[in-house]
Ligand SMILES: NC(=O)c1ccc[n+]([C@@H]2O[C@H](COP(=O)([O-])OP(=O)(O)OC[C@H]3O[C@@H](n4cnc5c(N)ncnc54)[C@H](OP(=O)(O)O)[C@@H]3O)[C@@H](O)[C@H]2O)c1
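Single chain ahead, by itself, as structure tokens, in the form predicted on its own.
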């Protein structure tokens, strides 16, 4: 049985990936900053939980030590949004955003490189805003764009382990539920900004992640899952 570590696996798209992987017969390890939340999900799907905080290298090292008998796949969905204009930037939040998307996954590669089995893979998470510049999305755009380059360079560095990224558009993953009634308007606007005339669903992203785990001749790529939104003019 192949083992998969899902970092950020206690909520939203990470949890959706963990649930599908368990259903598909993988040995799932749910990694999250909130260990209690990871343990709840792990209990529901027959997985195990481990604390992984991308802002804290010691937790990454400890997780790698715990899983030193081998990991086949790692999926990391971590993020730390800082959605402000350039004149409003907070240095600590800026660094946290880059750590979640770029430096943290590099440190995962550092500690899990010796643990990853050579036929395995790493899947990083980017996002459509990396290709759609706009006011207030400076940090999110640059960090998501950087993930594309991270996938290419990690693929070369960790070879033969495959490294790829997925770049979702606006997806109804549960992350937008906090908006209440505004969620419907957001999803409707997103649908109008695609070629396919709808917003994304969690399964759109999860299907792609699961395909990448098995796509043995794909490495260093970024797969866009946003209905063509980055190609459509506003």
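Residue numbers count along the first chain shown, from 1. These numbers come from a predicted model, not from an experiment.
Omitted from view is the form predicted together with this ligand, to which the following refers.
Enquirer: Can you confirm whether 11, 53 and 171, the three residues that make up this candidate site, all sit within 4.5 Å of this ligand in the predicted bound form, judged by heavy atoms?
Expert: So, yes: the whole triplet contacts this ligand.
Enquirer: I need to confirm a contact call. Of 183, 198, 66, 33, which residue comes within 4.5 Å of this ligand in the predicted bound form, counting heavy atoms only?
Expert: Checked against the cut-off, the match is 33.
Enquirer: Between 191, 175, 61, 45, only one gets a heavy atom within 4.5 angstroms of this ligand in the predicted bound form; which residue is that?
Expert: Contact residue from the list: 175.
Enquirer: Given a 4.5 Å cut-off on heavy atoms, tell me which of 87-95, 73-81, 107-115, 153-161 is the interface stretch with this ligand in the predicted bound form.
Expert: Going through the listed ranges, the match is 73-81.
Enquirer: Even though the partner isn't displayed, in the predicted bound form is residue 137 close enough to this ligand, meaning a heavy atom within 4.5 Å?
Expert: Residue 137 lies outside the contact set for this ligand.
Enquirer: Taking this ligand as it sits in the predicted bound form, is residue 7 in contact with it (heavy atom to heavy atom, 4.5 Å or less)?
Expert: Residue 7 belongs to the contact set for this ligand.
Enquirer: Where, within 93-113, is there a heavy atom within 4.5 Å of this ligand in the predicted bound form? Residue list please.
Expert: Counting only heavy atoms within 4.5 Å of this ligand in the predicted bound form, the single contacting residue of 93-113 is 101.
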